[in-house]
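The chain below stands alone and is given in C-alpha coordinates; this is the form predicted on its own.
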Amino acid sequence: MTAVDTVGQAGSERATFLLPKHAYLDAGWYAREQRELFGKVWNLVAAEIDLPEPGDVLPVQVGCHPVLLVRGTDGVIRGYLNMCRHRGMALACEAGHAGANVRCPYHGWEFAADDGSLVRIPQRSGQFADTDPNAWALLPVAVQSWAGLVFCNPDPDAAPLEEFLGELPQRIGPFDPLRLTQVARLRVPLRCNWKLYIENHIDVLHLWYLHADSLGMFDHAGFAHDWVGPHWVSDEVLRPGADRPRGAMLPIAHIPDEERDVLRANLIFPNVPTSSSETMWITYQVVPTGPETSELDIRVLGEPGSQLDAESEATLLAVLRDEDGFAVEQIQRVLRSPKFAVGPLASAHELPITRFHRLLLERLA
(Lines give C-alpha, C1' and ligand atoms only; values in the text may rest on other atoms or scores of the structure.)
Protein backbone atom coordinates (compact mmCIF):
# COMPACT_ATOMS: atom_id res chain seq x y z
CA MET A 1 0.00 0.00 0.00
CA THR A 2 1.08 3.56 -0.58
CA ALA A 3 1.38 5.32 2.78
CA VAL A 4 0.06 8.89 2.76
CA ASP A 5 0.79 11.17 5.74
CA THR A 6 -1.46 13.87 7.11
CA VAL A 7 -0.72 16.21 9.99
CA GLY A 8 -2.09 14.68 13.20
CA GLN A 9 -3.76 16.41 16.09
CA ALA A 10 -1.99 14.54 18.89
CA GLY A 11 1.39 16.24 19.34
CA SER A 12 3.76 15.42 16.51
CA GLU A 13 2.18 12.07 15.67
CA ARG A 14 0.87 11.83 12.14
CA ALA A 15 -1.98 9.71 10.84
CA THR A 16 -0.09 7.32 8.58
CA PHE A 17 -0.96 3.99 7.01
CA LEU A 18 2.14 1.96 7.81
CA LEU A 19 1.47 -1.59 6.64
CA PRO A 20 2.36 -2.74 3.12
CA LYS A 21 -0.25 -4.24 0.83
CA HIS A 22 1.19 -7.75 1.13
CA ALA A 23 0.52 -7.70 4.89
CA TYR A 24 -3.10 -8.46 3.94
CA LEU A 25 -2.41 -11.01 1.20
CA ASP A 26 0.85 -12.84 1.72
CA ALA A 27 1.05 -16.31 3.28
CA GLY A 28 4.54 -15.57 4.57
CA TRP A 29 3.39 -12.45 6.42
CA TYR A 30 0.47 -14.42 7.86
CA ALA A 31 2.83 -17.15 9.11
CA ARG A 32 5.07 -14.50 10.64
CA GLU A 33 2.12 -13.04 12.55
CA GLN A 34 1.13 -16.47 13.82
CA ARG A 35 4.67 -17.07 15.05
CA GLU A 36 5.84 -13.66 16.27
CA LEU A 37 2.57 -11.98 17.31
CA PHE A 38 -0.06 -14.52 18.34
CA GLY A 39 2.63 -16.95 19.44
CA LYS A 40 4.00 -14.44 21.96
CA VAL A 41 1.02 -12.54 23.42
CA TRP A 42 -1.95 -13.46 25.58
CA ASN A 43 -4.73 -14.81 23.35
CA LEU A 44 -8.40 -15.20 24.20
CA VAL A 45 -9.04 -18.92 23.67
CA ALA A 46 -12.19 -19.84 25.59
CA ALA A 47 -14.62 -18.99 28.36
CA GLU A 48 -14.51 -20.84 31.66
CA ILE A 49 -18.00 -22.19 30.93
CA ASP A 50 -16.55 -24.06 27.93
CA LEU A 51 -14.91 -26.46 30.40
CA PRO A 52 -17.56 -26.80 33.10
CA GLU A 53 -16.44 -30.04 34.79
CA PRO A 54 -13.12 -31.44 36.09
CA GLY A 55 -11.62 -33.62 33.38
CA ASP A 56 -13.09 -31.58 30.50
CA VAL A 57 -10.73 -30.86 27.60
CA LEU A 58 -10.85 -28.30 24.80
CA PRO A 59 -8.38 -28.10 21.88
CA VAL A 60 -7.61 -24.58 20.65
CA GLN A 61 -5.13 -22.97 18.28
CA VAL A 62 -2.82 -20.24 19.59
CA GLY A 63 -0.80 -18.81 16.74
CA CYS A 64 1.06 -21.76 15.25
CA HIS A 65 0.72 -23.76 18.46
CA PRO A 66 -1.95 -26.43 19.01
CA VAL A 67 -3.00 -26.16 22.65
CA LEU A 68 -5.11 -28.42 24.84
CA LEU A 69 -7.02 -26.79 27.69
CA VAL A 70 -7.78 -29.14 30.57
CA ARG A 71 -9.79 -28.53 33.72
CA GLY A 72 -7.98 -30.51 36.38
CA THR A 73 -9.40 -32.56 39.20
CA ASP A 74 -8.84 -29.49 41.40
CA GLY A 75 -11.02 -27.36 39.12
CA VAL A 76 -8.10 -25.31 37.73
CA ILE A 77 -7.88 -24.81 33.95
CA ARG A 78 -4.41 -25.52 32.61
CA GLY A 79 -2.91 -25.72 29.14
CA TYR A 80 -0.44 -27.97 27.38
CA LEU A 81 0.76 -28.26 23.82
CA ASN A 82 -1.77 -30.58 22.20
CA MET A 83 0.71 -33.21 21.12
CA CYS A 84 1.64 -36.56 22.59
CA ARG A 85 5.31 -36.71 23.55
CA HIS A 86 5.60 -40.09 21.83
CA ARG A 87 4.85 -39.32 18.17
CA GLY A 88 3.22 -35.90 18.21
CA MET A 89 -0.36 -37.06 17.77
CA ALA A 90 -3.01 -34.55 18.85
CA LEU A 91 -4.30 -35.71 22.23
CA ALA A 92 -7.79 -34.36 21.50
CA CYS A 93 -9.35 -33.09 18.28
CA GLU A 94 -12.62 -31.85 19.76
CA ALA A 95 -14.09 -30.77 23.08
CA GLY A 96 -14.83 -33.64 25.41
CA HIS A 97 -14.20 -35.28 28.76
CA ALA A 98 -10.95 -37.09 29.51
CA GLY A 99 -11.17 -37.61 33.25
CA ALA A 100 -8.10 -37.54 35.49
CA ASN A 101 -5.78 -38.65 32.67
CA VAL A 102 -5.57 -37.57 29.04
CA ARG A 103 -5.04 -40.60 26.80
CA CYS A 104 -3.45 -40.41 23.37
CA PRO A 105 -5.74 -42.19 20.87
CA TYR A 106 -2.78 -43.29 18.71
CA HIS A 107 -0.64 -45.48 21.02
CA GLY A 108 -2.33 -45.11 24.40
CA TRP A 109 0.18 -42.98 26.30
CA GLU A 110 -1.56 -41.28 29.25
CA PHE A 111 -0.82 -37.96 30.90
CA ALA A 112 -2.16 -36.53 34.18
CA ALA A 113 -4.59 -33.66 33.68
CA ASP A 114 -3.34 -31.86 36.79
CA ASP A 115 0.35 -31.56 35.91
CA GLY A 116 0.88 -33.12 32.45
CA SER A 117 3.11 -35.88 33.80
CA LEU A 118 3.40 -39.10 31.84
CA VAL A 119 1.64 -41.70 33.98
CA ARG A 120 1.33 -44.71 31.66
CA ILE A 121 3.18 -46.19 28.70
CA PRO A 122 1.49 -49.33 27.32
CA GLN A 123 3.93 -52.22 26.77
CA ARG A 124 6.55 -50.29 28.67
CA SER A 125 8.54 -53.29 29.94
CA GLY A 126 8.86 -54.87 26.52
CA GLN A 127 9.08 -51.87 24.20
CA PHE A 128 10.16 -48.86 26.27
CA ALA A 129 12.32 -50.41 28.98
CA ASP A 130 14.87 -47.58 28.93
CA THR A 131 12.33 -44.73 28.76
CA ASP A 132 12.17 -42.41 31.77
CA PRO A 133 8.56 -41.17 32.13
CA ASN A 134 9.78 -38.12 34.05
CA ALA A 135 11.50 -36.85 30.90
CA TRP A 136 8.37 -36.94 28.73
CA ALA A 137 5.67 -34.87 30.44
CA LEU A 138 3.39 -32.69 28.34
CA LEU A 139 4.82 -29.27 27.47
CA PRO A 140 2.97 -26.56 29.44
CA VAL A 141 1.71 -23.20 28.23
CA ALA A 142 0.58 -20.23 30.33
CA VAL A 143 -3.17 -20.08 31.02
CA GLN A 144 -5.01 -17.49 33.11
CA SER A 145 -8.54 -16.12 33.33
CA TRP A 146 -10.06 -12.66 33.50
CA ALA A 147 -13.78 -11.85 33.67
CA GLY A 148 -14.64 -15.51 33.09
CA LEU A 149 -12.58 -15.52 29.87
CA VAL A 150 -9.63 -17.86 29.41
CA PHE A 151 -6.41 -16.51 27.90
CA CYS A 152 -3.34 -18.44 26.79
CA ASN A 153 0.25 -17.48 26.08
CA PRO A 154 2.36 -20.23 24.47
CA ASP A 155 5.31 -19.12 26.61
CA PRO A 156 4.95 -20.90 29.98
CA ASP A 157 7.13 -18.20 31.57
CA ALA A 158 5.19 -15.24 30.13
CA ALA A 159 4.55 -12.20 32.29
CA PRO A 160 1.16 -12.55 34.05
CA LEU A 161 -2.06 -11.77 32.23
CA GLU A 162 -2.73 -9.06 34.81
CA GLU A 163 0.40 -7.25 33.67
CA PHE A 164 -0.59 -7.59 30.00
CA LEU A 165 -4.07 -6.15 30.62
CA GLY A 166 -2.73 -3.35 32.81
CA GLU A 167 -5.39 -0.77 33.62
CA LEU A 168 -7.80 -2.05 30.98
CA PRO A 169 -10.17 -3.79 33.45
CA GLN A 170 -10.66 -0.42 35.19
CA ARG A 171 -11.32 1.36 31.87
CA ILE A 172 -14.11 -0.80 30.38
CA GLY A 173 -16.85 0.91 32.35
CA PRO A 174 -18.76 -0.16 35.47
CA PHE A 175 -19.33 -3.72 34.28
CA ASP A 176 -18.59 -6.92 36.15
CA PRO A 177 -18.75 -9.69 33.52
CA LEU A 178 -18.64 -12.31 36.27
CA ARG A 179 -22.12 -11.17 37.34
CA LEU A 180 -23.44 -11.73 33.82
CA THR A 181 -24.26 -14.90 31.91
CA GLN A 182 -23.46 -15.89 28.34
CA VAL A 183 -26.73 -15.74 26.43
CA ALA A 184 -25.40 -16.42 22.94
CA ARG A 185 -22.33 -17.37 20.97
CA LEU A 186 -22.28 -16.61 17.26
CA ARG A 187 -19.60 -17.42 14.70
CA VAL A 188 -19.44 -15.43 11.48
CA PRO A 189 -16.98 -16.32 8.67
CA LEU A 190 -15.30 -13.32 7.06
CA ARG A 191 -13.59 -13.12 3.68
CA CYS A 192 -10.94 -10.67 4.83
CA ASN A 193 -7.65 -10.41 6.64
CA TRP A 194 -8.18 -10.03 10.39
CA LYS A 195 -6.37 -6.68 10.54
CA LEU A 196 -8.92 -4.98 8.27
CA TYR A 197 -11.68 -5.70 10.78
CA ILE A 198 -9.61 -4.40 13.70
CA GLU A 199 -8.70 -1.24 11.76
CA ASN A 200 -12.39 -0.72 11.09
CA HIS A 201 -13.17 -1.18 14.80
CA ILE A 202 -10.84 1.65 15.86
CA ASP A 203 -11.71 3.91 12.89
CA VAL A 204 -13.83 6.75 14.31
CA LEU A 205 -14.56 8.36 10.93
CA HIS A 206 -16.77 5.58 9.57
CA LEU A 207 -19.36 5.99 12.34
CA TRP A 208 -20.99 8.94 10.56
CA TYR A 209 -21.34 7.10 7.25
CA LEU A 210 -21.28 3.29 7.39
CA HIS A 211 -23.44 3.31 10.53
CA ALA A 212 -25.53 6.37 9.72
CA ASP A 213 -28.77 4.55 10.52
CA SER A 214 -27.73 1.76 12.89
CA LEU A 215 -25.70 4.00 15.23
CA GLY A 216 -26.93 7.43 14.17
CA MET A 217 -28.58 8.01 17.54
CA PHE A 218 -25.18 8.45 19.22
CA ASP A 219 -23.19 11.68 19.51
CA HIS A 220 -20.16 10.84 17.38
CA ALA A 221 -18.78 14.37 17.75
CA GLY A 222 -18.33 13.61 21.44
CA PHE A 223 -16.69 10.22 20.83
CA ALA A 224 -13.84 9.83 23.33
CA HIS A 225 -11.05 7.29 22.99
CA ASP A 226 -7.70 6.49 24.55
CA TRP A 227 -4.93 3.90 24.63
CA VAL A 228 -4.28 1.80 27.72
CA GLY A 229 -0.92 0.23 26.99
CA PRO A 230 -1.48 -1.70 23.75
CA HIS A 231 -5.25 -1.75 24.30
CA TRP A 232 -7.85 0.79 23.15
CA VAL A 233 -10.94 2.13 24.94
CA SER A 234 -13.74 4.42 23.78
CA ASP A 235 -17.20 5.67 24.66
CA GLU A 236 -19.99 7.84 23.27
CA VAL A 237 -23.44 8.79 24.52
CA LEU A 238 -26.92 9.06 23.05
CA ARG A 239 -27.74 12.40 21.46
CA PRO A 240 -30.21 14.48 23.49
CA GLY A 241 -33.73 13.26 22.81
CA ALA A 242 -32.54 10.22 20.86
CA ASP A 243 -33.47 6.64 21.67
CA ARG A 244 -32.49 3.24 20.34
CA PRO A 245 -34.12 -0.18 20.19
CA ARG A 246 -33.37 -2.24 23.29
CA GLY A 247 -34.93 -5.55 22.26
CA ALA A 248 -35.87 -8.25 24.73
CA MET A 249 -32.58 -8.29 26.69
CA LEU A 250 -32.97 -7.37 30.35
CA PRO A 251 -31.22 -4.21 31.58
CA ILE A 252 -27.98 -5.00 33.42
CA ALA A 253 -28.88 -4.42 37.04
CA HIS A 254 -25.49 -3.58 38.55
CA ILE A 255 -24.54 -0.62 36.32
CA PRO A 256 -25.42 2.95 37.41
CA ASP A 257 -28.10 4.96 35.63
CA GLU A 258 -25.59 7.29 33.97
CA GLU A 259 -24.14 4.29 32.11
CA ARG A 260 -27.42 3.36 30.41
CA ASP A 261 -27.04 5.88 27.60
CA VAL A 262 -23.37 5.03 26.95
CA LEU A 263 -22.03 2.84 24.16
CA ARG A 264 -18.49 1.57 24.69
CA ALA A 265 -16.19 -0.03 22.14
CA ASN A 266 -12.83 -1.35 23.32
CA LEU A 267 -9.99 -3.51 22.00
CA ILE A 268 -7.94 -6.10 23.84
CA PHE A 269 -4.78 -6.16 21.72
CA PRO A 270 -4.37 -7.53 19.19
CA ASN A 271 -7.69 -8.99 18.00
CA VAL A 272 -10.46 -8.90 20.63
CA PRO A 273 -12.94 -6.03 20.22
CA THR A 274 -15.48 -5.64 23.01
CA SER A 275 -18.55 -3.46 23.34
CA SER A 276 -21.11 -2.74 26.00
CA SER A 277 -24.48 -1.11 26.44
CA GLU A 278 -27.16 -1.11 29.12
CA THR A 279 -28.24 -4.66 28.14
CA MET A 280 -25.12 -6.40 26.77
CA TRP A 281 -21.41 -6.92 27.32
CA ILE A 282 -19.93 -8.43 24.16
CA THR A 283 -16.62 -9.79 22.93
CA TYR A 284 -16.19 -10.35 19.22
CA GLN A 285 -12.78 -11.81 18.62
CA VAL A 286 -11.44 -11.68 15.06
CA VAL A 287 -9.74 -15.06 14.67
CA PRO A 288 -7.27 -15.29 11.75
CA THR A 289 -7.88 -18.37 9.61
CA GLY A 290 -5.71 -17.48 6.60
CA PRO A 291 -4.10 -14.52 4.83
CA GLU A 292 -7.48 -13.45 3.42
CA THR A 293 -9.96 -15.09 5.78
CA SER A 294 -10.97 -14.82 9.42
CA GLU A 295 -13.84 -15.64 11.75
CA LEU A 296 -15.82 -13.40 14.06
CA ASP A 297 -16.34 -15.27 17.34
CA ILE A 298 -19.06 -13.36 19.19
CA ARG A 299 -19.96 -13.95 22.84
CA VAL A 300 -22.95 -12.02 24.17
CA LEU A 301 -23.23 -11.65 27.95
CA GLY A 302 -26.29 -10.29 29.69
CA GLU A 303 -28.23 -10.12 32.92
CA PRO A 304 -29.10 -13.61 34.21
CA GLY A 305 -32.48 -14.55 32.74
CA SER A 306 -31.91 -12.60 29.51
CA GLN A 307 -32.35 -14.13 26.08
CA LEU A 308 -31.02 -12.87 22.78
CA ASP A 309 -34.22 -12.92 20.72
CA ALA A 310 -34.22 -12.97 16.91
CA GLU A 311 -34.75 -9.22 16.63
CA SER A 312 -31.86 -8.39 18.98
CA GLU A 313 -29.58 -10.84 17.20
CA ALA A 314 -30.45 -9.33 13.83
CA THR A 315 -29.78 -5.81 15.16
CA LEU A 316 -26.38 -6.90 16.47
CA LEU A 317 -25.36 -8.69 13.27
CA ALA A 318 -26.56 -5.79 11.15
CA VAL A 319 -23.69 -3.74 12.59
CA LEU A 320 -20.98 -6.36 13.10
CA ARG A 321 -21.56 -8.49 10.00
CA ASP A 322 -23.74 -6.68 7.45
CA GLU A 323 -22.06 -3.28 7.78
CA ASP A 324 -18.58 -3.70 9.28
CA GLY A 325 -18.03 -7.18 7.86
CA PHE A 326 -19.32 -6.28 4.40
CA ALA A 327 -17.14 -3.15 4.20
CA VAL A 328 -13.87 -4.87 5.07
CA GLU A 329 -14.63 -7.81 2.79
CA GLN A 330 -14.95 -5.36 -0.08
CA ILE A 331 -11.61 -3.76 0.82
CA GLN A 332 -10.03 -7.22 0.80
CA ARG A 333 -11.45 -7.85 -2.66
CA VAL A 334 -10.21 -4.53 -4.01
CA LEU A 335 -6.74 -5.10 -2.51
CA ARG A 336 -6.04 -7.51 -5.36
CA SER A 337 -6.01 -4.63 -7.84
CA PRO A 338 -2.49 -3.47 -8.81
CA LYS A 339 -3.92 0.07 -8.68
CA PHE A 340 -4.89 -0.17 -5.01
CA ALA A 341 -3.45 2.52 -2.75
CA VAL A 342 -4.44 4.14 0.53
CA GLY A 343 -5.22 7.85 0.38
CA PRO A 344 -4.80 10.48 3.11
CA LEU A 345 -5.95 9.46 6.57
CA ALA A 346 -8.22 11.60 8.75
CA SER A 347 -5.79 13.42 11.04
CA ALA A 348 -7.59 12.53 14.30
CA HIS A 349 -10.38 10.06 13.49
CA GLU A 350 -8.08 7.52 11.79
CA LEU A 351 -5.01 8.13 13.94
CA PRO A 352 -5.70 4.99 16.06
CA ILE A 353 -4.93 2.90 12.96
CA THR A 354 -1.41 4.31 12.96
CA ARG A 355 -0.89 3.35 16.60
CA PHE A 356 -2.26 -0.15 15.93
CA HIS A 357 0.15 -0.57 13.02
CA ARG A 358 3.08 0.56 15.16
CA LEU A 359 2.22 -1.97 17.85
CA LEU A 360 2.08 -4.75 15.23
CA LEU A 361 5.34 -3.79 13.59
CA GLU A 362 7.15 -3.58 16.93
CA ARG A 363 6.26 -7.19 17.61
CA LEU A 364 7.02 -8.41 14.10
CA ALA A 365 10.37 -6.63 14.03
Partner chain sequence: MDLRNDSPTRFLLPAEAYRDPAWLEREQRALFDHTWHLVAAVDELTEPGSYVEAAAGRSPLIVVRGSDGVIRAFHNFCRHRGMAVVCAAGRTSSTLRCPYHGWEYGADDGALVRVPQRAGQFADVETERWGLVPASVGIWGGLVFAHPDDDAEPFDAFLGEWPQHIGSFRPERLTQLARVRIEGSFNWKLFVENHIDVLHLWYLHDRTLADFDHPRFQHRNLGGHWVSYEPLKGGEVAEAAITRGTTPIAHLAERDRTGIGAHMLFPNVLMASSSEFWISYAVSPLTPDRSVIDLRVRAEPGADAAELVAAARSFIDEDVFACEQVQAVLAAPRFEVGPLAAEHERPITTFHQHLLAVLEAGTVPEAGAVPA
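Everything quoted here is computed from the prediction, not taken from an experiment. Positions refer to the first chain, counted from 1.
What follows is about the form predicted together with its partner chain, which we do not show.
Segment that reaches its partner chain in the predicted bound form - one of 331 to 339, 34 to 42, 294 to 302, 310 to 318, heavy atoms within 4.5 Å: Selected range: 331 to 339.
Residue 259: touches its partner chain in the predicted bound form, heavy atom cutoff 4.5 angstroms: Residue-level check for residue 259: no, no contact with its partner chain.
Heavy atom of residue 19 within 4.5 Å of its partner chain in the predicted bound form: Flag for residue 19 set to no.
Heavy atom of residue 278 within 4.5 Å of its partner chain in the predicted bound form: Although its partner chain is absent here, residue 278 would stay clear of it in the predicted bound form, with no heavy atoms inside 4.5 Å.
Its partner chain contact in the predicted bound form: residue 14, any heavy atom under 4.5 Å: Yes.
In the predicted bound form, the one of 90, 210, 188, 217 near its partner chain [non-hydrogen atom within 4.5 angstroms]: Selected option: 210.
Single option in 178, 205, 237, 100 placed near its partner chain in the predicted bound form, where near means a heavy atom within 4.5 Å: In short, 205.
Members of 343 to 359 lying within 4.5 angstroms of its partner chain, judged by heavy atom, in the predicted bound form: Contacts from 343 to 359: 343, 344, 345, 346, 347, 348, 349, 350, 353.
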